[in-house]
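One chain is shown next in structure tokens, namely the form predicted on its own.
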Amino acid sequence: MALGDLSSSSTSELHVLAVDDSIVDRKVIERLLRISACKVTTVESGTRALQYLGLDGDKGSSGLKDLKVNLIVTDYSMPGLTGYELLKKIKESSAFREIPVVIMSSENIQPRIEQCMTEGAEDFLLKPVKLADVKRLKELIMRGGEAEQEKTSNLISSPKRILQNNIFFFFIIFFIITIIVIFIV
């Protein structure tokens, strides 16, 4: 199991569990989180994440679960336990259901995004993840919740906001075309 830094930290430091089967993507997200002054623990699979959290049912692997995790960032597509399945298991757990889970993917598939958001994901990030995404997530978690998400959603859009913006954009285009047709006829 490839675990990142497990040393104790100050209580104000955000501790993120980053889950990705790709070593390159894992290193990128780890670096972005560290630049944002987050404590990072990395694991290479959904199964390892469950072991780290002590949710795999194996009493021997739950020794690390006492470490406070403030955020879980996971890739969607992984062999074995997918990020979506990991999200569902975390949200079914009484001990961890309140921890925000963010899904990452290189594929912008709207039904997949909606499915994750419906299942309780805090956000869905498209890869490559940018420093601005990480900073926004950190702010959201550190300040705690819905009110802050609405304030920051104007800076970087969530999947729901993107969908709303697209509908608005198409409405404006339709309106402009209608005006042009009226003046031409």
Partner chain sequence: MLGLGVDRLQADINRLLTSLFHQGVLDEQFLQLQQLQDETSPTFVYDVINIYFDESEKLLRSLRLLLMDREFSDYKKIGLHLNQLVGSSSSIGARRVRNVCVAFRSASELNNRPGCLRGLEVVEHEYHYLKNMMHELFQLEQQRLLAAGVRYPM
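Residue numbers count along the first chain shown, from 1. Keep in mind that this is a model prediction, so the values were computed, not measured.
Form predicted in complex with the partner chain: not shown, discussed below.
S.K.: Quick one: is L32 in contact with the partner chain in the predicted complex, heavy atoms, 4.5 Å cut-off?
M.R.: L32 belongs to the contact set for the partner chain.
S.K.: I'd like to know whether G120 contacts the partner chain in the predicted complex, with contact meaning heavy atoms within 4.5 angstroms.
M.R.: Close contact is absent here: in the predicted complex, G120 is far from the partner chain, nothing within 4.5 Å, heavy atoms only.
S.K.: Does L140 reach the partner chain in the predicted complex, with heavy atoms at most 4.5 Å apart?
M.R.: No, L140 stays farther than 4.5 Å from the partner chain in the predicted complex.
S.K.: Can any non-hydrogen atom of V69 be found within 4.5 angstroms of the partner chain in the predicted complex?
M.R.: Close contact is absent here: in the predicted complex, V69 is far from the partner chain, nothing within 4.5 Å, heavy atoms only.
S.K.: If the cut-off is 4.5 angstroms on heavy atoms, which of these, V40, L55, V28, L125, is the one near the partner chain in the predicted complex?
M.R.: Checking each option against the partner chain in the predicted complex, the one that comes within 4.5 Å is V28.
S.K.: Can you tell me which bits of 121 to 137 touch the partner chain in the predicted complex, meaning any heavy atom within 4.5 Å?
M.R.: If the 4.5 Å heavy-atom criterion is applied to the partner chain in the predicted complex, 121 to 137 yields P128, V129, K130, L131.
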